[in-house]
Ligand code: UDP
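So this first bit is one chain, no partners, the form predicted on its own, shown in structure tokens.
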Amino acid sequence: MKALVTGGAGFIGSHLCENLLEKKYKVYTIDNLSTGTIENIRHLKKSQSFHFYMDDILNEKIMRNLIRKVDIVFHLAAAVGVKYILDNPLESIKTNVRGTEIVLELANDLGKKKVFLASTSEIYGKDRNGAALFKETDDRLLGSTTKWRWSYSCTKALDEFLSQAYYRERKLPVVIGRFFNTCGPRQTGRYGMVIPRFIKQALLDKPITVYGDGKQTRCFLYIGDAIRAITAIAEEKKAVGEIFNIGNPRSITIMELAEKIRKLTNSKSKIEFVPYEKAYERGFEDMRHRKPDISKLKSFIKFSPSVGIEELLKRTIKYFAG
């Protein structure tokens, strides 16, 4: 089998490439390194089955050449991270929407190549019922278009609609996965990702900065479990045309997360609270709780997270500590 991984030098992408190589795939990847790094894939370049192209998914010529070579496309390339989206709104919208359109057009034109589309829990927007689970068929609740916080959610929703339209009208085999806070080694904290940010602050004995009051809850899925889910659902024939939450339904408050990281790193850091408006922008809106219902994923591939938050943090701390 031959696979193309867009965004393959990123956090999730590099782990996926690694896994596919272990499965004896021939792997092609494209990344413009806007958020990914060569360091993430340096060890993979030793393999004769791995081919890296430093380019942009908006380059239709190179995308055509790459998609023509493969059997399946794992489309992970996107503008990600709250901070990155707020700092680069126009580029983010173009990358997420036009980039996905190009992937789907070419996958359809070049032989109905299967596409796995990486989507996001941001699709759901604001929480409505406290810590209630989010199901794939739930309604979305978003803020005003004057709040850039929600632009990412809108672009990924359009990606999903495009994918489903290609499946319904053109019979293109598409599978969609909505990620809920995938974490682990190689993840960067530069764009607002909370666990690597907290770990770096703790290791340096700098203040651990908690945005808001710290009572908001999140669920974290270990990268190894996420990759296991991606590959299994992409290979499952009955999953074509379906959408799946990919996450771990066990939640933790951000304050508890900060305290746990401080303890595991033996850090002298103090925990400081930072208002959202200071961390991001005036009028910034966040959700209090976001928990995935993964019953659908379980019913298709018998998936269950194998790594809990404690072990996830230990492995990630070990990575950052060197």
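Just count from 1 along the sequence shown to find any residue number. Everything quoted here is computed from the prediction, not taken from an experiment.
The discussion below concerns the form predicted in complex with this ligand, not included here.
For Phe52, no non-hydrogen atom is located within 4.5 Å of this ligand in the predicted complex, even though that partner is not displayed. Taking non-hydrogen atoms only, Met193 approaches this ligand to within 4.5 angstroms in the predicted complex. With a 4.5 Å cutoff on heavy atoms, Tyr211 counts as touching this ligand in the predicted complex.
Remark: Arg262 does not count among the residues lining this ligand in the predicted complex, judged by a heavy atom distance of 4.5 Å or less. Among the residues Arg186, Arg178, Arg218, His75, the one placing a heavy atom within 4.5 Å of this ligand in the predicted complex is Arg218. Only one of Asp56, Glu256, Asp293, Asp286 comes within 4.5 Å of this ligand in the predicted complex through a heavy atom, and that residue is Asp286.
Partner contact region in the predicted complex: 196 to 204, out of 196 to 204, 156 to 164, 236 to 244, 86 to 94, criterion any non-hydrogen atom within 4.5 Å of this ligand. Taken together, the three residues Phe134, Asp138 and Phe300 all stay farther than 4.5 Å from this ligand in the predicted complex, as judged by their closest heavy atom.
If you take 256 to 282 and check each residue for a heavy atom within 4.5 Å of this ligand in the predicted complex, you get Tyr276, Tyr280, in sequence order.
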